[in-house]
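The data below hold one chain only, encoded as structure tokens and taken in the form predicted alone.
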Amino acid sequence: MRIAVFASGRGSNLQAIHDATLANDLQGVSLALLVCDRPDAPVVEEVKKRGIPAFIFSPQDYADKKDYEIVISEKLKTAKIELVVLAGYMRLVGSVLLEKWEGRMINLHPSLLPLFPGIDAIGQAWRSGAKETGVTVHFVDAGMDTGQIFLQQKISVDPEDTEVSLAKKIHSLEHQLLPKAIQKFQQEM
């Protein structure tokens, strides 16, 4: 199964996916494309080192979201992508991609949705005093973190946790859960 990862930042989840494919922990999966909306993002250098093809773009170079999503859609088609994985992609996906990829686009979110949607989910959970939080992989729809939940995993928020230590626990859990979700998707498709 050929997958594309959409990312806007460090790319630690892309690294986790790629490492899982190299270690045969994620069998039958090929990380075939990175789509990144920030040319200066650290993930861009990471995929160069790893030899992963990439489409890097600046949204401001396009008239609107529809225009750059048409280009992205063509890149996905050319790369024969079967699953799109949003992993730290900081844009809402528009109708062009949603229509073509419905049921084949998943997002990783650092909370137990429906709790703490949107940005700063880890900070929201920590500030709320929640006793547990976690990570959710869900199908992408037109809302913000509102799609059907595909896989979730909980962790406890310990009394000694700080927002920083909680973020480390969440990121570690993301790196485990996302490859599991990809494998599960592959087995069920």
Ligand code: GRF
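Remember, predicted model here, so these are calculated numbers, not experimental data. So that there is no doubt, residue numbering starts at 1 and follows the sequence shown.
FYI, the form predicted together with the ligand isn't displayed, but the following is about it.
Here the marked residues 12, 109 and 171 all reach the ligand in the model of the complex, each with a heavy atom within 4.5 angstroms.
Within this chain, residue 97 is remote from the site of the ligand in the model of the complex, having no heavy atom within 4.5 Å. For the chain shown alone, residue 87 is a contact residue for the ligand in the model of the complex, at least one non-hydrogen atom being within 4.5 angstroms.
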